[in-house]
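As a starting point, one isolated chain is supplied in structure tokens, in the form predicted alone.
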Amino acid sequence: MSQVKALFKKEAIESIRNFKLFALIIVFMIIGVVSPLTALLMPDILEAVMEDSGIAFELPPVSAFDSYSQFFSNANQMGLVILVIIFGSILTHEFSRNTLINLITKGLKKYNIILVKAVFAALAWTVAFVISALITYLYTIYYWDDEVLNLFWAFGLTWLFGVFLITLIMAASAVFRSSFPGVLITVLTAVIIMMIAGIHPDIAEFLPQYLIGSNMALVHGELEIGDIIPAVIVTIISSVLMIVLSILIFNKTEM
């Protein structure tokens, strides 16, 4: 337990010193503010553009659905990309700087390194995402009183996919060790493979990628919670397996 506490403290101090934790939180705070603001101002912007172009078109009224649509679009694209970039080097920089050798020779268990880094990244991701979702929610209920469905679950889908990406980063890091580009390429390849496999409707609903494609369908009531359970289960199992794989590979790695 003392090893875990010391390593967790090390991760916290490093993330503060290199501003990674602050960067992640700031990015998601911006997403939380910008999403409802974009939904609120977009009709005026489009109206001004169409007026200048001489186009006559009546825009539908803005609703809470537009705000959440903007949020999930921003979080599922830019937000998750930032998450991968920030934590993509969480293990590779340790190899490149050879900072783990002394710790391991002093008795630090290798599996603790993987577990602590994964848990710390997941906690940082949780804090940043909850802050962002809460900001969007408060702004949205302030401007609109539309009733939406399954909002907590919709937020949870993006959060779970972020955790999945973190475990994928850990597995790729254990394989490529000091190669940060190798980690990024692995994550990108996995996402592309899921997108291609997801073309088949019978496969799509079992893929982790299905989670971030179902947010607004849940909010609109087009999907029931039971419809996304298979993808949730597969994502959780995949995440656990990747952590186990990371530990197995890392334990056999020569330092």
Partner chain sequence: MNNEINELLPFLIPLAALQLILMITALVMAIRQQTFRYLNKPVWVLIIILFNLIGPILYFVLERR
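This structure is a prediction, so every number in the text was calculated from the model and none was measured. Numbering follows the first chain given and starts at 1.
Below, we refer to the form predicted in complex with its partner chain, which is not included among the displayed structures.
This chain lacks the partner; the member of 64, 211, 223, 27 within 4.5 angstroms of its partner chain in the model of the complex by a non-hydrogen atom is 27. None of 216, 203, 194, 40 but one reaches within 4.5 angstroms of its partner chain in the model of the complex through a heavy atom, and that residue is 40.
Not displayed here, its partner chain is kept clear of residue 190 by more than 4.5 Å at the level of heavy atoms in the model of the complex. For residue 154, no non-hydrogen atom is located within 4.5 Å of its partner chain in the model of the complex, even though that partner is not displayed. Taking the partner from elsewhere, residue 78 is found to have a heavy atom lying within 4.5 Å of its partner chain in the model of the complex. Its partner chain is not shown here, but in the model of the complex it comes within 4.5 Å of a heavy atom of residue 85.
Of the candidate stretches 135-143, 154-162, 168-176, 114-122, only 135-143 contains residues with a heavy atom within 4.5 Å of its partner chain in the model of the complex.
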